[in-house]
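First comes one chain, alone, set out as structure tokens in the form predicted alone.
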């Protein structure tokens, strides 16, 4: 197996300070959280940003500010920006930060119910984002919330619209998408062609069991406050690094080394 890549989604677009008082919002807070996560074993930082009032934003100036702050503290980290933005935000706004030419960015593969909202990703927008990422040299992470999105991604790859390297992220447990039931993960992994890489982001109570199974199966793992605010049932996590550290310890006990940022770049095909 490849070394385990741990991605940390430090903030997200939906989590609030009311529910998670340790949520990093300001650029300095996000930079500190990113550094702590990398020191605990993360190699990739999945990045959403917020305005000072806590509202999610795709404003390119804010992304630039946060990325600069993170790189000043932990220059080795792989920064993966989100093009998902907040639910309901236009695709034009969501795509703006690609102008910064980050090493990676998320690419969502379909429209879905997302809790009480609709996460809208028109096929033409998916194709346009994929083309823009290729033009800018940004490696896409293919965000899969249900099985139809995986089949769409494979079809687009066959057509040459999505190009190698193919890195899949299964986001399981969002109301409206596939749950984090282990059978769903096994179903998705079973559809993957050889030579691709995959990871899993379990939402809420699914985060830890899916992470453990991914370690066993050769996949990679995403944790962090975007997806889960608890360390265990009823216990609010103290930091993103606390969630990262637990996965690193489990991987160590299972004799699977944790990837360094240099190793992660090689596995993910980042030039």
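Treat the numbers as computed from the prediction; the structure is a model and nothing was measured. Numbering follows the first chain given and starts at 1.
Below: the form predicted in complex with a small molecule, not depicted.
A heavy atom within 4.5 Å of the small molecule in the model of the complex is found for one listed residue only; from 84, 199, 110, 180, this is 84.
Mapping the unseen interface onto this chain, residue 46 counts among the residues with a heavy atom inside 4.5 Å of the small molecule in the model of the complex. A residue is said to contact a partner when one of its heavy atoms sits within 4.5 Å of a partner heavy atom; residue 226 meets this definition for the small molecule in the model of the complex. Proximity of residue 168 to the small molecule in the model of the complex: non-hydrogen atoms within 4.5 Å are absent; the residue sits far from the partner. Although the partner is absent here, residue 248 is not a contact residue: none of its heavy atoms lies within 4.5 angstroms of the small molecule in the model of the complex. The stretch from 140-148, 68-76, 96-104, 190-198 that comes within 4.5 Å of the small molecule in the model of the complex, counting heavy atoms only, is 140-148.
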